[in-house]
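Below, in structure tokens: the form predicted alone, a single chain.
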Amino acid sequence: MGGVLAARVRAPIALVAAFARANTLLSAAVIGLGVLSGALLPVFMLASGALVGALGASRSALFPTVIVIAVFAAERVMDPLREELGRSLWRQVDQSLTQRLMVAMSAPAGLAHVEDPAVRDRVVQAQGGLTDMTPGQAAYYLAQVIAMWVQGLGSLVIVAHFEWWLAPILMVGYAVVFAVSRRHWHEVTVVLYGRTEALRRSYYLRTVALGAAPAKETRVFGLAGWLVDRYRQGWLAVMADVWRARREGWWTAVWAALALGGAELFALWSVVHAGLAGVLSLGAATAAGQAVLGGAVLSQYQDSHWLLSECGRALGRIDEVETATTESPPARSPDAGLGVGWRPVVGGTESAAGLPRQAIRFEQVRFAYPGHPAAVFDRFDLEIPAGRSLAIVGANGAGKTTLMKLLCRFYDPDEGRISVDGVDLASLRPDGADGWHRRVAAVFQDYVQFELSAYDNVAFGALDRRGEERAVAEAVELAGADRVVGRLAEGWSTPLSAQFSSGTQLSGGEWQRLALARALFAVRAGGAGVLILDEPTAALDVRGEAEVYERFLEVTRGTTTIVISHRFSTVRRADSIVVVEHGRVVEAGTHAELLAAGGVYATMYRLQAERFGAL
């Protein structure tokens, strides 16, 4: 019981602290306006009672009349001011909380938390993705809730002044009804949050149906109707549980409201009786009667209260995400439901500057993805000589891309180690100016198409060198992307998205050339010593591929280059080649050596060569 009470006390404190973190002065102004607005009605009750009393006794009514008019005028001024300040705070709170989430999700060096469904659920909940109401909307209603509480408590003080014993009776009734309503809303919300993953799936279908990128295939394959039906079915399945929860608590709320109504009628009758009996003057009875009705606001659990509760819940989710993404999170039990099954990439202390100079080695590495018991690698060994090119081939699912994730240190091995010049990769700092990530440049198979300017798409390869326009232009030229940039309407500053009026949509091959230019910029300007190319020319034609690789092998000479490709015309250019099957290296050598061996590589090569020969 004490823990629940302490949590109830901490919740509003945490809310106010979050609002103050977004904008202290604006939060103070919103709270102050809420207090003043809430105090106006009790003042009006007293002034109107005094006015009635003065008129009944034929006394001067000037002073209470002035107060009534002043309260009326103040309310008219405060309402729009409260709304404008609330809207401004709303936006700033959303920005502040979103920034916290962005920092938390981008802080770890690895990828495990990004791919963890439990963490993704928390992120959606923290952003209000389930209810389509952002946490910042609570800031808009903060002043309203404060005004309600001040109005209600002020009304009870007036009631207690005239009939002291009525105030505790009403307070108990208000508290019971408020608690019943609050619990009912909470139970409904718990059902909703318990269906987060199901709603995420439904919302994904909605995104596919509304998005521009999937539009071609949804139309070609006639998926529009199917997407709408599946979205509706998934959403309705969740809402059916929500509606059931609402119905289950409805009668309890009705009986509580009826009981409170009886208490209020009794209070009003008591005030009227006291007035008729002469115990209360006409003015006092008027003020007390209004106060009985005004205090009823304390029993009302409205949307504004729920939004504040949701904001508090969002803060809790953000705290959970921040805890889950710290470098050394506290131990969590299996039923904690967040971050279970993955280990963070814990930062090392040693500098990675200048590495590798000799070799990168995978030594008896075992690795399985979180939540998947089958190991991708088990006692995996591989040596990658520094300053040379290595090609990795193998069937889909052999573990080639996972190998690159481990090399980039997006994950740490479960067993064994990866060493760089004999130094355990886990002991190197992943981030920072001399971190391992700065030593790696990559074009991943699912490379990012930044819907930003063409310049940024290349300069992101070495953000600290972003201002070196000549180096950016050189990387673009070496990647053969200068023709792409040359035809853009606004040159370097052209947004690469058709969603913007001045933007342009690139083809797959054009995007891939810019991704290659980004990696080249990271090597030549950023000083990256390891270049990873995962199917880097999949979107290019044969001539484009040959052109790119001739340039790449020349300009990256001396860089440790790792190429993953299914195209053997690309693979054969590497200094050495390894074949990976079932998480192990089964063959290694040069192109000529592997052909002569007549093994897996030779078979794969001849199958591809025969296909092209038949053409």
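Numbering starts at 1 and runs along the sequence shown. Given the structure is predicted, the values throughout are model-derived calculations rather than measurements.
The same protein also exists as the form predicted together with a small molecule; that form is not shown, yet it is the one meant from here on.
Q: From the candidate stretches 186-194, 397-405, 283-291, 430-438, select the single one in contact with the small molecule in the model of the complex, where contact means a heavy atom within 4.5 Å.
A: In short, 397-405.
Q: From the list D482, E115, D414, D94, which entry has a heavy atom within 4.5 Å of the small molecule in the model of the complex?
A: Of the candidates D482, E115, D414, D94, E115 is the one lying within 4.5 Å of the small molecule in the model of the complex.
Q: Find the only residue in Y369, Y203, F460, F450 having a heavy atom within 4.5 Å of the small molecule in the model of the complex.
A: Spelling it out, the residue with a heavy atom inside the cut-off is Y369.
Q: Given that the small molecule is not shown alongside this chain, does V150 nevertheless sit within 4.5 Å of it in the model of the complex, heavy atom to heavy atom?
A: Because no heavy atom of V150 falls inside 4.5 Å of the small molecule in the model of the complex, the answer is no.
Q: Though only this chain appears here, would V376 touch the small molecule in the model of the complex if you measure heavy atom gaps against 4.5 Å?
A: Although the small molecule is absent here, V376 would touch it in the model of the complex, with heavy atoms inside 4.5 Å.
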